[in-house]
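Next up is one chain by itself, shown in structure tokens, the form predicted alone.
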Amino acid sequence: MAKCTIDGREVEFVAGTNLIEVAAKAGIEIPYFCYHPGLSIVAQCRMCAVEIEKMPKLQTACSTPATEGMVVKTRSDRVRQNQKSVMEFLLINHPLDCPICDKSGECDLQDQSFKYGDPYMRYTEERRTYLDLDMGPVIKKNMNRCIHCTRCIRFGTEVAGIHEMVAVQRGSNTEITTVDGRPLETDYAGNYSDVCPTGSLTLKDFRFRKRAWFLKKTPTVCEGCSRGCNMEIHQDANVIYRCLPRTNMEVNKYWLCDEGRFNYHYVNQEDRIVLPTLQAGESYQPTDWNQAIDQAKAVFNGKKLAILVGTDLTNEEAIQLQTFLPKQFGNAPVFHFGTPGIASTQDDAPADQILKRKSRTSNLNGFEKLGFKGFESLPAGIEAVLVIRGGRAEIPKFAAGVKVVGLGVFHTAENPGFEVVLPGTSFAEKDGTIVNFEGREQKLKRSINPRGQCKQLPEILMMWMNRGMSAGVAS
């Protein structure tokens, strides 16, 4: 393998790799702003300039591929002076609003100003200011903080596949905006905030809600579709505040769609049923677990039953149900459900050219591998249905007169006809394994404790078995 020398250290590299990546693998930091590994290289911020032997001028590390025998200095006096100059230039118009900026605590400009900048500022003129137009429901723009790295423009064109972000005017009047000032149209708008190295593009959903350093981060998997994008859940005091993409080059690379990013809201939603409940007219009446289970058994007693299991559950939960259901409900038919029109992996397909899949649950492939059959319609004569899901699977509509009991995550607005609800845990409240559309096994990790009296599926099944004999289900 080819070798070069960086700051006196001999480093191996793969041909074609730029100096930023080669140095990073050796544990040597080269600062940058405009460079992003998932975007094209423009070398315009000049922060990554390094000194290379036999080259009279400093070279941008992002656009310079390493070569055999190359000798690079990232800490020489020339390099340090360049870094100070670049930081001084970038901070000329940058407002001093770190105390109120949502990016504070995880801001590249903040970090590199501290590491590589000069504590003295020579600029005494007034800073430029902008009036920002609305960019739609996802992103809030603060152009005053922009350093013109153009990551957002490149993301829109190269990844999202829509040329909606542009730079207008020139020099110190340059402004990043949308074409004709229109709202953002892409379903991946949240990534604009992710790639922005400053607080210029921030998420409206997270704006002024919580400081970044208070958040506890849990690596997990998105349940939004059968791709299973890798992401982090950020929470504090058992409340989820945001979800951000986690890099996995084999699944989602650096990105996350808006649907998956904001899917977590149902976990904290006010109308989520977090207590065992019984139907009382058009509303629900909270009760205790024993009474709720007894009532559920009474609903099924003597009736012909079908069981629907959501493909938003984990493999571990599915296996537990394969043991539990035959013992408790005999030969009652069991089907998996999740997305209308997607009864099997054969029906699943890309929903766009980036990440989204048509199956809107994460474990369709896992359920098929375990032998569950897809739901299309209820068999003739069914009088009662047990619906078990994790919160994402879409509940089918049932004929009038069919009694329904829910086990899992439900909201009052979506199931007014349920006789009983036994509250379970969402994807953020449990550990488990899912299998994405490629057959890749991935891990869900619990980031928060279950809300209210919601319980893990094994605990609910154990309570069911301990409440006397099995329900007398008609065969």
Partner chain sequence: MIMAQQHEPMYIQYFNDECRPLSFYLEKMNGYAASKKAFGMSQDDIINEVKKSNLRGRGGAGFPTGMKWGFIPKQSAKPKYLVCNADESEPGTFKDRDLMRYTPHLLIEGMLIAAFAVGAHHGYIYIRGEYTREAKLLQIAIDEAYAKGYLGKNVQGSGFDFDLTVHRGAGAYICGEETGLLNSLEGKRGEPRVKPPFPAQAGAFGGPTVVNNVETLTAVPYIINKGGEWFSALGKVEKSGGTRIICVSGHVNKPGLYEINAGSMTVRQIIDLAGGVLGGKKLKAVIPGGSSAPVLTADEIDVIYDIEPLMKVGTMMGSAAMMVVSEDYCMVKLIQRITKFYAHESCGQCTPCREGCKWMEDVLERILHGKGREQDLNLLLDITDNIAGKTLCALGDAAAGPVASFVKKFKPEFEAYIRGEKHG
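Residue numbers count along the first chain shown, from 1. Note that the structure is predicted; figures quoted are calculated from it, not measured.
Same protein, other form: the form predicted in complex with its partner chain, not shown, and the subject of what follows.
Checking N230, Q112, N93, T345 against its partner chain in the model of the complex, a heavy atom within 4.5 Å turns up for just one residue: N93. Interface residue among C45, I30, L407, L444, judged by heavy atoms within 4.5 Å of its partner chain in the model of the complex: C45. Its partner chain in the model of the complex comes within 4.5 Å of a heavy atom belonging to V168. Among residues of the shown chain, T218 is not one whose heavy atoms approach its partner chain to within 4.5 Å in the model of the complex. Shown alone here, R122 lies within 4.5 Å of its partner chain in the model of the complex, counting heavy atoms only. Contact between F208 and its partner chain in the model of the complex is not found at the 4.5 Å heavy atom cutoff. Shown alone, this chain has one stretch from 396-404, 265-273, 331-339, 141-149 that lies within 4.5 Å of its partner chain in the model of the complex by heavy atoms: 141-149. For the marked spot (K57, Q81 and T174), a heavy atom within 4.5 Å of its partner chain in the model of the complex is present in each of the three residues.
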